[in-house]
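Take a look at this one chain, the form predicted alone, written out in structure tokens.
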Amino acid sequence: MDILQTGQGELIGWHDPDEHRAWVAAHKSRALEDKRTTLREAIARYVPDGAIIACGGFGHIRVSMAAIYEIIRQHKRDLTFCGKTAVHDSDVLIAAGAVCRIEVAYAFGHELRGLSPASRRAVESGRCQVVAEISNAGYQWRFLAAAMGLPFIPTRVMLGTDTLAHSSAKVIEDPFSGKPIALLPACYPDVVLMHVHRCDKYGNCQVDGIAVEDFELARAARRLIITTEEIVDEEMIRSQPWRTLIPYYLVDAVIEAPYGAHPTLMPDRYYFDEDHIGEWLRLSKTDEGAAEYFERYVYSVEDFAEYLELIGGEERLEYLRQVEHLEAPLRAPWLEEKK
């Protein structure tokens, strides 16, 4: 095989597919086991310092913020973050000192809300290293290759771009057409954090709305921690088996965490908490402000339930559940500040 180009980015999360298959066989059971636990126990057991982690959802949508805050609360360190997008989840993890290396397609911004002062400051000061770059499709296909048990996946994405030059991909001559083709290496994260609408105690999960890359990511993960809006009876899952996006045998831990995506959006359940996101963006302009946020919302509370009470409890959550507030960005504090 003739290698025409080799990206200069660091290769993270790659395993020989046969080695990964053997690891999964040795560490994961196919038995129907009750996997309910607490976030404290799940993070302590499955997220070691130095792990490569990834998150389900997308941007500010359906992110397991309950798990993210618990990682910070337990002072996990030297984590590497990988995925298509890294927005509120990676921003707070980097600012807290948990993540020191990152490879994502989109990072250091909060989409239409503006850039991430905390993450940009960390990268510019050397506290966090960007180890490689990639495109959105590129990372989804890295996870797809892993889910399929392949060492790499061929694609035309990123060909002829500087993104490929800073990635871990290789370009070869296609043996069929003689044209260049990019090979994206598989990625198997050590730990994946994912928030779903409902699942049973065994870990059979359903997601309402767009799955984004969660189908592939769940199958690429070595360890999969599920937080869910509600744990439902197994019979409810069995009554509509076609809706099970993630089967139980992929899952290591199940934690019932209502509103576990706050302050991000949970489709058909509750909207973004723009006030809270705005508070983070305001405070995180300085290291002192970020430390103030973590002391107030992470370290001063025992768990995510106490956090929800602190941000306004049922009254605030009811506000976020109301359909008429789907136009909330038009009244968001960050928008008024930008004006």
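It should be emphasised that the depicted structure is a prediction, and the values quoted were computed from it without experimental measurement. From 1 onward, residues are counted along the sequence shown.
One more form of this protein, predicted in complex with a further copy of the same chain, exists but is not displayed; see below.
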Open item on the list: Since only the chain is shown here, I'm wondering whether W14 would be in contact with a further copy of the same chain in the model of the complex (any heavy atom pair within 4.5 Å).
Closed with: yes
Open item on the list: Please tell me whether any heavy atom belonging to I181 falls inside 4.5 Å of a heavy atom of a further copy of the same chain, as the geometry stands in the model of the complex.
Closed with: yes
Task: Any non-hydrogen atom of R243 within 4.5 angstroms of a further copy of the same chain in the model of the complex - done: yes
- [ ] Check whether T155 has any heavy atom within 4.5 Å of a heavy atom of a further copy of the same chain in the model of the complex, and answer yes or no.
- [x] yes
Open item on the list: At 4.5 Å between heavy atoms, only one of the stretches 90-98, 70-78, 165-173, 253-261 reaches a further copy of the same chain in the model of the complex; which one is it?
Closed with: 165-173
Task: Within 4.5 Å of a further copy of the same chain in the model of the complex: residues from 141-167 (heavy atom criterion) - done: W141, L144, M148, G149, L150, P151, F152, I153, P154, T155, R156
